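As structure tokens, the next two blocks hold two forms of the same chain, structure 1 and structure 2.
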Structure 1
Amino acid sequence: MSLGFPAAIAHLPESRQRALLAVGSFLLPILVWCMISYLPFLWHPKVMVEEPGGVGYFQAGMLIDHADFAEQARQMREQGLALPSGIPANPIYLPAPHLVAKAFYTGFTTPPQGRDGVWLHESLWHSIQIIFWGFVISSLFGVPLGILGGTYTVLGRLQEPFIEFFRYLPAPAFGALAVAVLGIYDGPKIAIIVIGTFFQQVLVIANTTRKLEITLIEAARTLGTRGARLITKVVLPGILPDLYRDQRILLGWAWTYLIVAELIGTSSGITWYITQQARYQHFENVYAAIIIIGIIGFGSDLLLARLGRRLFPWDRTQERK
């Protein structure tokens, strides 16, 4: 059976193979999640109380460890009192898929609870703005420095040792300093995104620039091309497809810093929403918000990949997703 599936897939057209495997990469984890959630014999370490019986502190809907539930049932039996009843259940922090799907919908349609609550779409939009400005600022400085360092050996040797050192410093460590300098609102959050991506960006783009055929640069210099013309007419066109792909990857790194960045200063954005929902133990809303972040990040990467194929049709290394 396991050997038949790859054989069956192999006979399909490449586009169909790619589509089926892409769908399968998501369906398999969801299937495991469903099995854990809906098959009580697989992994249900708790008991959800249906009838408390004679146990004073039991309440309907309460989650109890199996051992504690069995002990209370034994005591009720010895005392001749009504026995409690319950069904196997997972911990509160692992909601079932249908609960997360429902929270995904209600997050956009149900008003927030409490005066300090926020709509899910408002939180998402705020976080997207943080990512956008942080990555734009990082790119405005990181891309030119990376290209210059990769083109000119002297500049590369001058800047990269310090950048190599600095990139190992955790960006969140600068949170208190960022708040002191930039205030408690969005400034320090954007700064953390910048710090987290800028130094990586310089090194990655410098390495990409060095992969350009050296014969192209030497020929251009032989023909008298120097300075800005060398960068704009030879280097930049030569590395543009790879530079675009690097930026896609680095944008994903920016998203990984989002949660930490939004905890600095005043809580805001999707992090504030997740924190509020976790505080009230609405873990289905937490999972829904986390999944939305993944959908936005993955979706934007797919759009950028498709745009890249349109912009650079001659680049055979463009990924076919």
Structure 2
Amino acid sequence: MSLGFPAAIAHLPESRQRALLAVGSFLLPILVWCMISYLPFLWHPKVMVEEPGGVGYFQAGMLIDHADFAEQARQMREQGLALPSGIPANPIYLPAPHLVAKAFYTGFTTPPQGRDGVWLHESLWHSIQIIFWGFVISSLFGVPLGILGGTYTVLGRLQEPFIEFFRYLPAPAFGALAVAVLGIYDGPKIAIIVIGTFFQQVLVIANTTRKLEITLIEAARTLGTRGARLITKVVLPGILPDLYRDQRILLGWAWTYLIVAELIGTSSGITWYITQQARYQHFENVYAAIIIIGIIGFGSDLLLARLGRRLFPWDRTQERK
């Protein structure tokens, strides 16, 4: 059940209301982040040293716990040395929004470090390829198996118990095995995506296939359709909009396996970038990279959703969303 809109935006047309709320759903978390970052009284558990004063180990820009800073200041006062000065700050792992925003730009303009370094966009492209091939290979087998399992009861009952069992095995657990079989480069990474996606895919698509109105199949049979043509002429077109939606959800699923997959063998892609930046404590770059993954995933899903409305004009369920 859902209730209507609050009075403040109730007079606007529904599409405007929806757009406003969609923007709001992103602005709210950003607002929280800004408040924590820019309002010193909200959290700021650290002190950033500006003048070390007499404290030997203090350096400008250092982040010190409040208590330690106060203790050092007290000692300096007792010893009659110069007092340190500092301002409240957040821990290094929580950079301010404007730093992350800047990192978006500098991430793409900074040349790679080291001999075999790669640009950020190269890392991203590599990751996208891993996802793409993992998802394509999984779909190549998962979609037909799902449709057949959903159509033919015997096949469904033969394959599903094992698949139900297998889907509980965590895909990353196969990492070492995948490296042993497929080497250290892209092979095992793609394999992890496939293992993480395939088993869910068969079950989800078999379920979707089973939901097809049985009357449609019966009508087609009374019109003279039989055998494989029932699948190609009725089942497949009948479930296509739902199949497409399932695939969108499963693609999102594949994305969530990306980071684990890329840690296997030689670290690569966006994961390599993230771990490198984290090692040097460039957390604004880490956040930027994570947000980029989100933007690519969410953006591609929006595009696919729009494409779906074009592809399936008869699909009523989309109009209600």
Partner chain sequence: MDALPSYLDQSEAVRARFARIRQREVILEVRGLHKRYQSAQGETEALRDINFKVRRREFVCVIGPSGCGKSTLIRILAGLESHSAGDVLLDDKPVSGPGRDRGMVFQGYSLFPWLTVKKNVMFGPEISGFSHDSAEREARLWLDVVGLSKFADAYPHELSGGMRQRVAIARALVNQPRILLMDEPFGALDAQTRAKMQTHLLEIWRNLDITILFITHDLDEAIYLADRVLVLKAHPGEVQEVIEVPVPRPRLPGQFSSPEFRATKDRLEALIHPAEEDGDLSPALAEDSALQQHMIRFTDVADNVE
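Since the model is a prediction, treat every value here as computed from it, not as a measurement. Just so we're on the same page, residue numbers count up from 1 along structure 1's sequence. Definition used throughout: the rigid core is the maximal C-alpha set that superposes within 1.5 Å between two forms.
Between the two chain copies, the one drawn from the form predicted in complex with the partner chain is structure 2. Relative to the superposed core, E218 undergoes a Cα shift of 2 Å or more between structures 1 and 2.
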